[in-house]
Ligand SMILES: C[S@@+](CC[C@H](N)C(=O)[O-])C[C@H]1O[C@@H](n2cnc3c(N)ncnc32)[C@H](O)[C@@H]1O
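Here's a solo chain for you in structure tokens, the form predicted on its own.
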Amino acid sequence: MCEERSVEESQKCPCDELNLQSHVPVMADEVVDFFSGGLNEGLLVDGTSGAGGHLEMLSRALPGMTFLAIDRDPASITNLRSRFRNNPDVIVRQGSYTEIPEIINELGLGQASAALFDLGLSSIQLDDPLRGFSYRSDGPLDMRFDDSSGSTAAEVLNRRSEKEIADIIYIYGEEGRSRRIAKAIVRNRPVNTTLELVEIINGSVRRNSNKILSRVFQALRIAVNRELDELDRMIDELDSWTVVGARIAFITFHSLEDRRIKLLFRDTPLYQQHSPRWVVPGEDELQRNSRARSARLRMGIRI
């Protein structure tokens, strides 16, 4: 998974069911090295499995472990079940990573020895115009990770007040022209498609339009999926389902989520920050996969 570091739109690699081989997991070697350094058996939870690229490499590198693959998106779950159908060590379940305690309890798996969270938007979602995540193609303004429940981005824009929309854009997109954009959105409602929203934004702010589009689309996506609320809840419960000594890794893609992980490993007594404090993709990886340019890997140990 990948998206711009601060406020840019996520840019992912194609990884739908017909194109899984082209999926490029971000910093996969670094992730495998971290988990291989102290694990031989136990449970590894991949809380945001997406297309399963990291999971594929980890299952090969750690043959003595059990793997639990979780994702909110039904399309990702369909792909994961197909990809790992012949691997009895990989268990696939749909759900949010906030549901991990209930899922592992239901399956009788016990506490986890390792956990990986590749945060943000998956390629399956970004590259499908019908999901409405990208400003580069026309489609309905949906943006839900689980498209079977919750409010769409269109419903948010068409039902919320001007102030609420401005707050979403400013807080989750860190966009200083949020009030101007929100005013234009309300004036032009209803807004139902991605390109309708693009036209409204471009008409209200004429400079650096791609950066602003990225920020607004990111903000809406975070609001629709309650991403930061979900992340905060998962962090609060992380110690309840991991063993002492568990290895935990997060790949972040923007500052809002990265701050939370930095504070978790730096300031929480239950975790020890792994050295180095973070890792970014090398030049070779960026040459192969420019969509990884905003990624940051943070690692820690439960103590």
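Residue indices: 1-based, along the sequence shown. Worth saying up front: this structure is predicted, and the values here are computed from it rather than measured.
Below: the form predicted together with the named molecule, not depicted.
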{"query": "Segment assignment from 254-262, 271-279, 66-74, 32-40: heavy atom within 4.5 Å of the named molecule in the predicted bound form", "finding": "66-74"}
{"query": "Interface residue in the predicted bound form among I181, L121, L220, L197, criterion: non-hydrogen atom within 4.5 angstroms of the named molecule", "finding": "L121"}
{"query": "4.5 Å heavy atom contact, E230 to the named molecule in the predicted bound form", "finding": "yes"}
{"query": "Heavy atom of S113 within 4.5 Å of the named molecule in the predicted bound form", "finding": "no"}
{"query": "4.5 Å heavy atom contact, S214 and the named molecule in the predicted bound form", "finding": "no"}
{"query": "The named molecule contact in the predicted bound form: N79, any heavy atom under 4.5 Å", "finding": "no"}
{"query": "Contacts with the named molecule in the predicted bound form, stretch 39-66 (heavy atom within 4.5 Å)", "finding": "G47, T48, S49, G50, A51, G52, G53, H54"}
